[in-house]
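Read on for two forms of one protein chain; each stands alone as structure tokens, with the labels structure 1 and structure 2.
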Structure 1
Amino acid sequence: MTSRYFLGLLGHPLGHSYSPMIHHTLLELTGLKGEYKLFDYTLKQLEEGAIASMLMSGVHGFNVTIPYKVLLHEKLQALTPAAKRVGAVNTVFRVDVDNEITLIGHNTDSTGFYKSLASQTQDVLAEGHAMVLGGGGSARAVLAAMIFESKTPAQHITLVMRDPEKAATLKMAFAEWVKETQISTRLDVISTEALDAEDLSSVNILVNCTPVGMHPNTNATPLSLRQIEALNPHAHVVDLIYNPSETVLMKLAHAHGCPIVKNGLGMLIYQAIEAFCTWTKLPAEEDWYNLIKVRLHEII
């Protein structure tokens, strides 16, 4: 058993992060000794061996955030199936054998997203038409959740992206997954401009995976009022953004009568719990989620 965990978050610029508070709460709840630090390193510092220095100083594992999630996916010697699918690494753990360290890249965003959904939303996802806005790292994690985490793979997913080249790449990744699982999910990719009322009226679950509406641009929304008015009023709406806790998209969806509207705080907490369990090899306890949420609500 490790006597003291040395954990952290690698990114740049890190600014304010909720991760230290979440992981210090988890250390406290499990009675483990340790600390979770911010590793705010520039690309130049990474190229000059910042990760090797972190390991020398005894780091057991770390989370990865913007802008290094894809870079570490490309650079690490070993990846878990979850990291391979998502094409990004948000959690790194080390394996030490015969004085040799192997860093393994993992991704906990998919499971984090799926676990954060209410059970009714999980059911809707398995049966209905899902629409995903954006095609970056979090969108890939959400797509992977819809295929690999869902009780049954989503029936129909529409991906709304502004860059046709990136859309084609994502479609190819999706085709690989389909081969792997032999699923029959239908994937449509449309451009942001082509999104029309007909597409929106059949949506059962809408997930915003763009940063549009995130602090400090809190007046922005990825869908206009006119588009929200065309959305199926029974649709469940999830915005991965958690700062602010209610985005303009969420406010419009509430006003439109959507029955379940949630932000990304649940995903943030569940992906962190999953990462913590990866590092410590402890099973997650049921009450951790609520205890962390209470602590976060004290500061948000």
Structure 2
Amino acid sequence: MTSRYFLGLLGHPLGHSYSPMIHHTLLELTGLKGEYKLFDYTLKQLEEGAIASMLMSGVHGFNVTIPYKVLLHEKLQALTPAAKRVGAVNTVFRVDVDNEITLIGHNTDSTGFYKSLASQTQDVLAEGHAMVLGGGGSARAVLAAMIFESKTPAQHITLVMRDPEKAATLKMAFAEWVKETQISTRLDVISTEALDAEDLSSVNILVNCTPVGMHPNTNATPLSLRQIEALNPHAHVVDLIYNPSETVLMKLAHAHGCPIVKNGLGMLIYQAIEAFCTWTKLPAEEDWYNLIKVRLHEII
């Protein structure tokens, strides 16, 4: 086992991140020595060798967040099955053999998302129609969770996204998943502009995977009040944003009467635990989640 772990988070911008507190808590709980720092690099800095500099400084592993999850999947030569399936990387670990360093891309977002769902939401997911807003790395992980993590895959998924090219890529990936699992889940992909009341009335679960509403633009919302009012009032709503802890979307969903409305804090904690275990090779302890959650609530 490594005597001292040097870990971190790669992304841009990173002012909103709670990852350092989570991983420093995990280091404390396990009695391991180490540090977790933020690698806030622009795309230009990445192109100029920022990751090589991270390796030279001795980093053992790092998380990846917006906007580099899909980019790292395309750039890294070694990927775990989870990263290949999702098409995005949120965790990277290094392997040193004969003075050669290999970076391996992994994904813990799918597992983290599914573990964060309330048991009632997991049951509802198996019953019907899920709508996912966004088409980035987080959305891909959520889609994969609905197919591979759920005991009974969703019957119908509607993906709402702006980029037609990304939509085509996701359709191809989804077709491969369906072929692999031999499921009958139906996928519809529509543009943000084409979303109307009829699409929302039958939704059982709504998941926001866009950054719309994230700090500092906390007054923004991916769905208008009119659209929320058209949403099935029995729908469960999950906003993957966790800063602020209650987004405008969540407030509107609460006011609409949705029975379960959650932010992305649970997913953040669970994916972090999965990543930490990947780096340290330690099994997860059941009490880690609640201990981390308590500490986060002290600062949120």
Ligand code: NAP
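Between two forms, the rigid core is the largest collection of C-alphas that superpose within 1.5 Å. None of these values were measured; they are calculated from a predicted model. Residue numbering: structure 1 sequence, from 1.
- Only structure 1 matches the form predicted together with the named molecule.
- Core-superposed comparison between structure 1 and structure 2: the CA of Ala52 exceeds or equals a 2 Å shift.
- Residue displacement note: Ile260 has its CA displaced by under 2 Å between structure 1 and structure 2 (rigid core superposed).
- Once the rigid core is overlaid between structure 1 and structure 2, Tyr242 does not reach a Cα shift of 2 Å, moving by less than that.
- Fit the two forms on the rigid core and the C-alpha of Leu43 turns out 4.5 Å off between structure 1 and structure 2.
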